[in-house]
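Single chain ahead, by itself, as structure tokens, in the form predicted alone.
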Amino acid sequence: MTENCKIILKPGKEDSFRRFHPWVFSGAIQRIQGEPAEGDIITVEDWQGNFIGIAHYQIGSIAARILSFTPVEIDTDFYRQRLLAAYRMRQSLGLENGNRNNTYRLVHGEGDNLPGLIIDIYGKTAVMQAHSPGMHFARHSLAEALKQVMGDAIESIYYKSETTLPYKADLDHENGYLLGKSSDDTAIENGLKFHVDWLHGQKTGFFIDQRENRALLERYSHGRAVLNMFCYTGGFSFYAMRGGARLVHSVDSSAKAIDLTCRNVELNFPGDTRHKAFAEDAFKYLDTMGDDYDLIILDPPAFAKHRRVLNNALQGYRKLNAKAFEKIRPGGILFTFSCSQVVSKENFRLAVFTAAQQSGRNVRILHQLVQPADHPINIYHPEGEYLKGLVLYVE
């Protein structure tokens, strides 16, 4: 802890912390005692000097992320205890399942009381990602604690935070291995194999949060013509193929993503001619395609990462879904998602409903989808609920 450095809150701003919300916004601060640097551990107090919590300090609208609401030492043992709690929860979920599944999220930031930290497990490799300077500076302690907790269950830890840390923080955030090194980039999810590009891919290399939604799609795929938009690594595509889809087309604007999709399909269904992939802009593809599909997946990247672009994002969701409603065959099923944290369930649903109304189609909700259990939501931090989706039947 930086000696004598404190955040003093304005009167009345302590209420959210009595409800254990972990974020200290800059507008709630009356003054800062001392001169903390980015990532320092700092004490948070109310205006009367009462202890609130121990936090990582950073410059920005979120000025601190509270690690503990009790006065404790933030050290390797602290991180070990938090990681152990996260690991035990995943074990209780049965996510480690030998040859059936070796891929899951071990730490989901605030949902696991480790704000600013993501850790995904791919077989024997853990991929760690920091979203705050404090977690970046703690990366070596975290790696040591993680190895203590998981033992032989992991052999390598890769640190991947170049694109997630605040760019103004001027941090030395080069990606690289903190422990060991792995050339095995193949992981298993629900019995299906896929290549993980944790060196250069998006996020930590794969979108683990769609695991259960991909399994649901498999149940609806038999005999259908499937279009997987924004396919990235092709997860929905090879689940659809295992489900007995008549044909599967994968579309992504990135040629690298298309290459990875094709490799993953070939890994599971070598020589299968049902699959074709196209490196093309999603909106252009939707504009020019016919009514060939009766199952469409819309899983775009986050249209809004900040509230100031929320309206543009909602317009994008309306436009995207309207085109799908226009083109999908009668009796078709649409899986549609938003992974934007700033887009609420209500806003997303309204955008999709507006698109359905514009199309004039009869549409029914079959499922309302969320993130899986290994992406838990801290009950005191509702902002952690970011993934939302709908499965719709379109007459």
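Residue numbers here begin at 1 and follow the sequence given. Because the structure is a prediction, the values reported are computed rather than measured.
Note that the form predicted together with a small molecule isn't included here; everything after this is about it.
Against the small molecule in the predicted complex, the set Phe207, Asp252 and Asp299 is in full contact: each member has a heavy atom within 4.5 Å. Using a 4.5 angstroms limit between non-hydrogen atoms, Gln202 touches the small molecule in the predicted complex. Under a 4.5 angstroms non-hydrogen atom cutoff, the small molecule in the predicted complex has Thr233 among its neighbouring residues. Proximity of Arg224 to the small molecule in the predicted complex: non-hydrogen atoms within 4.5 Å are absent; the residue sits far from the partner. The closest heavy atom approach of Arg214 to the small molecule in the predicted complex falls within 4.5 Å.
Segments offered: 88 to 96, 148 to 156, 191 to 199, 277 to 285. Contacting the small molecule in the predicted complex at heavy atom distances within 4.5 Å is 277 to 285.
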